[in-house]
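Presented as structure tokens, the chain that follows is alone, the form predicted alone.
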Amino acid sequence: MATASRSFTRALRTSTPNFRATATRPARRFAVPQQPFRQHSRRGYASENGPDKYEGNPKGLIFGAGALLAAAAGYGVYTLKPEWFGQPAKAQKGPFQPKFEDYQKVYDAVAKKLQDEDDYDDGSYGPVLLRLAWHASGTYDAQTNTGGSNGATMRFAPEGDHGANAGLKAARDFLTPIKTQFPWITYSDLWILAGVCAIQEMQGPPIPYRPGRTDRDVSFCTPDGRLPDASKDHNHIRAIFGRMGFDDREMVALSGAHALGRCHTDRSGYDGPWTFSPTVLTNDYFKLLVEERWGWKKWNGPKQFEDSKTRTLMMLPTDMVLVKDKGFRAHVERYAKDNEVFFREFKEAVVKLFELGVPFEKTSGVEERWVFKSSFE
């Protein structure tokens, strides 16, 4: 700015005529004698008698004015976007209101961390991130309107120590640096967004997402027993999912998440993956349920099934119920035949699951759902 001002000043000095000198200096450019000039009372004009009588170059005045305008424009840009000039960004007036672009940055950070850190089960933290989002949401009780994804109360010991949540500390720790990088996002919004990211990055369907969850204190922790128990039967499944407001079709669709990840003896007591590709979401879980032969695994652990061919895959009692119960089996067969149908209905059920217990109309100005761009698009 100082340089532009000095340039403008120099331009004015060289281009602007000295009006005082002009007024007192004889107009020597005119060859007409003084006496006749007085007799005829004629005024002489520069346009009538050749070149401009002002000293200097009038184009300098235009240049100076242009320089001043350019400097003013530059200063305006500087005040609005100081970060373009290597200076700290202008402070936000009022509370920060994150937009879609801000949440996309969080998604991108989670996706990058998934790519960079592959030292977890089968080379990906994706399945355990999805399990975190699932278990944070699956505590919802429609009758009392308690639990659900609004709160992130698994941060506290009463809920974090529930048997169904064993091992999820790994997922919460994985996301801690992301929360530090983006302190404006709530834990509960972050956990669900990470679940969305995990599904999409493991080649699942795009999952529409809406923010607006708030973090709650320990008093909002839900009682134990609200999540599925893998050792139970069809009545248990309908009771657990029915409490959240799901029908048979949605129950089976959500069970398709078992295509991802594996069980651990030091957590659930069970052991092994459900499919041969535990970090890629497909309808293989349903195909295997229908097409493979399953028998009880002979070991000292809890009752679980293993495939008769390779004996490397497993199914839980609640998985096998899906093909034994007629109401459930019809949907298992539909999904086994058509991956697109599974993806479509899984997406719908997951969106519903991830929004259980969230009063969006009160906590968020965002009414529409967003679909984030995955890392491989």
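Quantities reported herein were computed from a predicted structural model and do not represent experimental measurements. The numbering used is simple: start at 1 and walk along the sequence shown.
Another form, the form predicted in complex with protoporphyrin IX containing FE (HEM), is not on view; read the next lines as being about it.
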- Is there a non-hydrogen atom of Asp229 within 4.5 angstroms of a non-hydrogen atom of protoporphyrin IX containing FE (HEM) in the model of the complex? yes
- Check whether Gly147 has any heavy atom within 4.5 Å of a heavy atom of protoporphyrin IX containing FE (HEM) in the model of the complex, and answer yes or no. no
- Decide whether Cys263 counts as a contact residue for protoporphyrin IX containing FE (HEM) in the model of the complex under a heavy atom distance cut-off of 4.5 Å. yes
- Message: Please tell me whether any heavy atom belonging to Asn339 falls inside 4.5 Å of a heavy atom of protoporphyrin IX containing FE (HEM), as the geometry stands in the model of the complex.
- Response: no
- Among 254-262, 189-197, 103-111, 288-296, the stretch whose residues bring a heavy atom within 4.5 Å of protoporphyrin IX containing FE (HEM) in the model of the complex is 254-262
- Message: Can you work out which of Gly151, Gly204, Pro211, Pro127 has a heavy atom no more than 4.5 Å from protoporphyrin IX containing FE (HEM) in the model of the complex?
- Response: Pro127
- Go through Arg216, His234, Arg267, Arg155 and name the one with a heavy atom inside 4.5 Å of protoporphyrin IX containing FE (HEM) in the model of the complex. Arg267
- Can you name the residues of 134-149 that have a non-hydrogen atom within 4.5 angstroms of protoporphyrin IX containing FE (HEM) in the model of the complex? Trp134
